[in-house]
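Only one chain comes next, encoded as structure tokens, the form predicted alone.
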Amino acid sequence: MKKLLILFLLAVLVTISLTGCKGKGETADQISPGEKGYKIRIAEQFGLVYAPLMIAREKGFFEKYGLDVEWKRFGSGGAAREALASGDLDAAFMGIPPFLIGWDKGVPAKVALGYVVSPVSLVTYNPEIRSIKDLKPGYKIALPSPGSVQHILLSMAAERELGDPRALDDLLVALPHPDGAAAMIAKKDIHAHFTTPPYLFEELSQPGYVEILKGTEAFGGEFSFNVGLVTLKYHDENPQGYAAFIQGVNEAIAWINLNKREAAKILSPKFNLPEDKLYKYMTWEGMNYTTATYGLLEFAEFMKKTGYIGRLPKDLSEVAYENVLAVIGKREGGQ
């Protein structure tokens, strides 16, 4: 009888430990699918590079791991960075340059994962412009904002081809991608547009529109077009929420890579594009949905040299979280 009583009490304790401690302190994988748990505010922007985030939203991948997501939309990485700085966001996705500018100014966030390698190009319809050397005063170049990845890529090309990384800065016009694409196709007010898919592909499908600079040419190889950021406060105070965020993005990217046809069907109405055309764009050469991080320190070194930031990270741990450091590793031997 005594033995049965002990077994009964043990069963009660196990039941309490599994069902009576929901919420903070519970690991993400203990939360049932669809059950809301950890609040997180995530920024989204425009463009095909955000397809995994849109799929995560549609398929409920964040909720699967216990996140209760509040979505906020921004027109540029700079605007999302300001929201991170003011405490209005927990997580955002942006190019490495706007992140580094924020880090340099003390914005309390680090890289939590890479997010998409994507074509990005400078396009023009003007037959008199066939390289950046033809961009003279009076011409206007649209890009999302000063300090954006497009701006720093243009600066890299300007340093190499024009001898001055800021040679084209006076020609810049800040426009969100949809507005820039609309102005380009209407041939109104701007003469060139540094943009990403699907706007890039839509512009190049117009007669007479040509690429005059590719992002990989400017950078000298592949780079992460975007990285995912999480604030220090959220990372430190919500380790389960942070882990759930990483899990949600990982699952979204894995799913989209295995199901691009279905992803195109889901996202076609949101981009107002035919399903077949969107599938073609999602499988365009150079598109790579991946959480690997490329180019972080290379961007930092260029931006420090040219004065866009005032300091360099002493090591990656200053700008990236432990899961990113684990993926990158540290090769001994000075290389």
Partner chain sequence: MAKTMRHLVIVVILIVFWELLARSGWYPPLLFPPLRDILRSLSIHKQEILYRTCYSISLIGKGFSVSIGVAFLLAGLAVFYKPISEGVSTLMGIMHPLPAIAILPIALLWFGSGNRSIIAIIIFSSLWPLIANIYNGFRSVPATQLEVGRNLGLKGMNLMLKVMLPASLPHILTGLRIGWARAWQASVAAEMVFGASGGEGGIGWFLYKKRFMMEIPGAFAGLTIIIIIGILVENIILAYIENNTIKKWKMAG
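Just so we're clear, the structure is a prediction, and the values are computed from it rather than from any experiment. Positions refer to the first chain, counted from 1.
The following text describes the form predicted together with its partner chain, which does not appear among the structures shown.
Requested in this report: Counting only non-hydrogen atoms, choose the one of 206 to 214, 188 to 196, 109 to 117, 254 to 262 that falls within 4.5 Å of its partner chain in the predicted complex.
Outcome: Residues of 188 to 196 come within 4.5 Å of the partner.
Discussion item. Is it the case that P165, even though its partner is missing from this view, gets within 4.5 Å of its partner chain in the predicted complex, heavy atoms only?
Written reply: No, P165 is distant from the partner.
Since only the chain is shown here, I'm wondering whether D170 would be in contact with its partner chain in the predicted complex (any heavy atom pair within 4.5 Å).
Judged by the heavy-atom cut-off of 4.5 Å, D170 is in contact with its partner chain in the predicted complex.
I'd like to check something about G147: if you look in the predicted complex, is any of its heavy atoms closer than or equal to 4.5 Å to a heavy atom of its partner chain?
Heavy-atom contact with its partner chain at 4.5 Å: present for G147.
Review point. In the predicted complex, does A243 have a heavy atom within 4.5 Å of its partner chain?
Key: Looking in the predicted complex, residue contacts with its partner chain do not include A243, since no heavy atom lies within 4.5 Å.
(request) With its partner chain left out of view, choose which of R73, K233, R130, K105 has a non-hydrogen atom within 4.5 angstroms of it in the predicted complex. (result) That would be K105.
Of 62 to 95, which residues get within 4.5 Å of its partner chain in the predicted complex if you count heavy atoms?
The stretch 62 to 95, when checked against its partner chain in the predicted complex, contributes S76, G78, A79, R81, E82, A85, S86 at the 4.5 Å heavy-atom cut-off.
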